[in-house]
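For reference, the chain that follows is the form predicted on its own, supplied as structure tokens.
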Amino acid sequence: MPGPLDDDLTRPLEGAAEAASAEGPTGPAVGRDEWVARHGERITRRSGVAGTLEARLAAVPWWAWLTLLVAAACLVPVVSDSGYVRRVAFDTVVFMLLALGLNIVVGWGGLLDLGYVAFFGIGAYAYAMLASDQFGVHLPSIVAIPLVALIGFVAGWLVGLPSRRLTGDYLAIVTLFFFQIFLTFTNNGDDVFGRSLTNGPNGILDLDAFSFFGWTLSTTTAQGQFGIAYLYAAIVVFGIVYVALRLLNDSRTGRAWRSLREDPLAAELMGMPVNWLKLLAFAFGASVAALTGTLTAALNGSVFPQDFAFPLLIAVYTMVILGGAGSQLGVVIGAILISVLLEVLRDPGDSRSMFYMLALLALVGVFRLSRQLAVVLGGTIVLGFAARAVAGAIDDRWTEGMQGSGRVADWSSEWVIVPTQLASWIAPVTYIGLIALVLMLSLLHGWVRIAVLVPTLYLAAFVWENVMLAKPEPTRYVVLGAILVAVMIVRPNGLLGERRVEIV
């Protein structure tokens, strides 16, 4: 039988109904749990094709995604017999492993580690010293590989010791300093107390190939192409690491890392060993990076300091941020996208096609199929043909520059001004002018923005054809930065990133 006490617990608070109605239909419900009360409202917000697709994909178990990724990687040698394609597939798996390792430190632990690539180099050099003539040591691969992973774990632990009380910019400076120490040591390690440890810029050569139970993995085929055995070895390592990290993420340590990432002070007040968790994050991330270093060192048969330059760190961080820090599947997808994109941007013809395609997709994404889109596209095309006609009438040399081959190149050669010889002042002036116009667009609105957007797009095409394509290496990273900025505007957490707890 319900008693008087039960009536008091279930009876609404005095004035609760009046307060709730005063706030309006969307205001907080006084006396009710807000999260539970608005659960249905949050579900209804996920509407449309994108919301349905996102909900369906989120319901797929993690092991199904892993199986799909491994199967796709294994099918690469089947669908293509190109040694180049197979090598790109191997490099992509390496990037996937590096992204998984960095995700431990950045995505789970919330620590800004700018020395991560140094652990990748430590693993490669450790394998070179344990499986070559450098010191006359030739350990079996089944012993050398886990030993290198252990060395990476210890190295990450040691780097984390002086850094465990640092956060943010201070931690980034310390880890970047460690990365610079590694580069300096490897470049000048040919004379350490009268003995050569790293052979300096010449690197360590003739490394032992992977060998398991008498079976040696060949680096090349009889035709001199890439040996697919190393691709399958990298896939096996990736599968093991992915499953191990998944189990680690679901453990008490993984949950504690996420608490550390969200609020270190709150985690410490709850009794979590914050410093210990930071050390573990550094150590596990370094161990994965060092393990990955053995794959590249054994395949290449050599290791050089130039293999671990700063652009590699930028690329790995871009993969993690683009895919979504904290999500294993996200950082793997980010690694695949960036790896393929970097290869596409090596060829001027492919990069030209990709530039115009991305520009068109960006315009459609902003304006949809609207009148504004037609005005922007039509105005840009007309401006291009008019500007090229005027430039050609003034001087033929302003429009006779080489454009390459292909349909896109043929079309752009009739639309973009490309002089036979670019004056030295044009490149910096147009590049800076393009940046200024892009910044100006963020301050304009309405039809004024559209009017300024038309010459901005044409200037972007001019800079791309005359400045960027002439320098493909830096262009690749400029494009990566632009894509990353665009994605961060649309999805601040990355493609599949975990939402951070924020107080707003």
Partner chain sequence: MLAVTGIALGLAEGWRELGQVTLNGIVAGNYFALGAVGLTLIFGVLRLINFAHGEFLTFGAYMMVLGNWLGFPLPVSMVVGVATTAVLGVVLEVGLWRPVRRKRVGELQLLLLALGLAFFMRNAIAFVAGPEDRAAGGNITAGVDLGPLRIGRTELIATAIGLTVILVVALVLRYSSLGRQTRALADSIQLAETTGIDTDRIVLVTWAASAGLAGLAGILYALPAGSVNPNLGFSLILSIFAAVIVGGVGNAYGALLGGLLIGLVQEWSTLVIDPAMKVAVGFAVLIAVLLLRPQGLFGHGRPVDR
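Source: prediction; values computed, not measured. In this text, the rigid core denotes the largest set of C-alpha atoms whose superposition between the two forms falls within 1.5 Å. Residue numbers count along the first chain shown, from 1.
Just so you know, the form predicted together with its partner chain exists too; it's not on screen, but the next bit is about it.
Contact residue in the model of the complex, chosen from 428, 365, 273, 201 - any heavy atom within 4.5 Å of its partner chain: Selected option: 428.
Sole residue of 356, 415, 398, 185 within 4.5 Å of its partner chain in the model of the complex, by heavy atom: Answer to the contact question: 185.
Option from 73 to 81, 115 to 123, 280 to 288, 172 to 180 whose residues, in the model of the complex, bring a heavy atom within 4.5 Å of its partner chain: Of the options given, it is 172 to 180.
4.5 Å heavy atom contact, residue 378 to its partner chain in the model of the complex: Residue 378 lies outside the contact set for its partner chain.
Heavy atom of residue 484 within 4.5 Å of its partner chain in the model of the complex: Residue-level check for residue 484: yes, a contact with its partner chain.
Non-hydrogen atom contact residue 468 with its partner chain in the model of the complex at 4.5 angstroms: It does: once its partner chain is placed as it appears in the model of the complex, residue 468 has a heavy atom within 4.5 Å of it.
Interface membership of residue 474, its partner chain in the model of the complex, 4.5 Å heavy atom rule: Result yes; residue 474 sits at the interface with its partner chain in the model of the complex.
Heavy atom within 4.5 Å of its partner chain in the model of the complex - qualifying residues of 437 to 460: 439, 442, 443 sit within 4.5 Å of the partner.
Rigid-core frame, C-alpha of residue 423, shift of 2 angstroms or more between the shown form and the other one: Shift at residue 423: 2 Å or more after core fit.
Shift of residue 441 between the shown form and the other one at or above 2 Å (CA, core fit): Indeed, residue 441 is displaced by 2 Å or more.
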